[in-house]
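Heads up, the chain below is alone and in the form predicted alone; it's given as structure tokens.
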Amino acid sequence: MKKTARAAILLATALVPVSAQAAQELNALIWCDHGDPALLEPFEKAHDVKVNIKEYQGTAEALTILEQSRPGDWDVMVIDAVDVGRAVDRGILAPLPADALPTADFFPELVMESHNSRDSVIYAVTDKFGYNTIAYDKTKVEPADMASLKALWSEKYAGRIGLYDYYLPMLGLVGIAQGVPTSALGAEKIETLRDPLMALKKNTKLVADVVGSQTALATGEVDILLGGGEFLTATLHAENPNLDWTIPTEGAALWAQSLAVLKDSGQPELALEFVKYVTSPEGQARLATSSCYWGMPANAKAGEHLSAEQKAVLRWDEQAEYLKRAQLYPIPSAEDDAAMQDLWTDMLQN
């Protein structure tokens, strides 16, 4: 580059106001739904901030990222509600002021104090939820059969089933099918799931992650997906309205994700503003219909910002009944968690 051109650029840069040169930055460890520009851009414009995002797949990966980062590198994180306690134990989350959170407007079941709080101190807030349940192609199965988890052990659907590859909700679903509540999945009960799990595996064509599961159901590789739900089918609804999901009579596993401020955040006030925005009715409606995957917003007032069609896809009017039948993920001890992972691995290898 010529010296004169370079000097002109430097001069022009110097004349640009500081606020235009570099807005504030907020660094967020997220799941993919929080990376949708439709969610982030209103916050960025309102606060003159750039939200830098890094997507991760599981809590272990997020904790590794944090361990390898410097204090202050990250400001907020999305975390599986069932794992908030692990993060609290590691001392990485900042307390959140109760009066700054709109939890009074939440579906009562989604306040989840048992997950998001410790000793009456709030460390995270639920921002989205849904169900690991039965998703299916209603043109290839008898929808009435999907009213019971027992149908998945039937020879009628052998070789036509996919399993979502996440041991916690899946073992929870196997337990629910056997009449074992997720809250009772302790050491004595885990091994009782072995035989029904192995029997289910015999009926299974594949076990896959979220993307693989969604692809298998969308392409017809499988007709039923155990562990699926609205988070898999909603984004495909326009292209393939034959994909459906239901909560069987025995129940389903309720997934929930939480949002937290990291203790070492360099700008905790801005981080709290982000939490307040995402859990506001407007932010919740945008998060619920994220281009990555849909899910129910924890804030019931988000319904005022969703269209009738969007609410129909989310089964908005059925949530009261669904929540009665849903069970939270198991929260195993370290020893029980290892036993559950071992059982799931045994299933995968057989």
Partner chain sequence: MSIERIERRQGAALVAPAMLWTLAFFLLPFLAMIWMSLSHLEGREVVSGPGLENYQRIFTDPSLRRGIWVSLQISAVVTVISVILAWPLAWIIATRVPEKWRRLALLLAVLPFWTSYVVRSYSWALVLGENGLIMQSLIGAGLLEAPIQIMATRSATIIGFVHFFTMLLTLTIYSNLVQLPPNYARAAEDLGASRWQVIRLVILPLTLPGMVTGAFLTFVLCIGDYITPQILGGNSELTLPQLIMLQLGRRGDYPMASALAVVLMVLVTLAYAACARWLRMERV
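Worth saying up front: this structure is predicted, and the values here are computed from it rather than measured. Positions refer to the first chain, counted from 1.
Omitted from view is the form predicted in complex with the partner chain, to which the following refers.
Colleague: With the partner removed from view, which of 178-186, 161-169, 143-151, 271-279 is the stretch that lies within 4.5 Å of the partner chain in the model of the complex, judged by heavy atom distances?
Modeller: Careful reading of the contacts points to 161-169.
Colleague: Exactly one residue in Pro108, Pro196, Gly266, Gly220 has a non-hydrogen atom within 4.5 Å of the partner chain in the model of the complex; which is it?
Modeller: The residue in contact is Gly220.
Colleague: Would you check, heavy atoms only and a 4.5 Å threshold, whether Ala98 touches the partner chain in the model of the complex?
Modeller: Heavy-atom contact with the partner chain at 4.5 Å: absent for Ala98.
Colleague: Do Glu61 and the partner chain share at least one heavy atom pair within 4.5 Å in the model of the complex?
Modeller: So Glu61 counts as contacting the partner chain.
Colleague: Though only this chain appears here, would Val121 touch the partner chain in the model of the complex if you measure heavy atom gaps against 4.5 Å?
Modeller: No, Val121 stays farther than 4.5 Å from the partner chain in the model of the complex.
Colleague: Contact between Lys156 and the partner chain in the model of the complex at 4.5 Å, heavy atoms?
Modeller: No, Lys156 stays farther than 4.5 Å from the partner chain in the model of the complex.
Colleague: Using a 4.5 Å cut-off on heavy atoms, which residues of 245-274 contact the partner chain in the model of the complex?
Modeller: Read in sequence order, no residue approaches the partner chain (within 4.5 Å, in the model of the complex).
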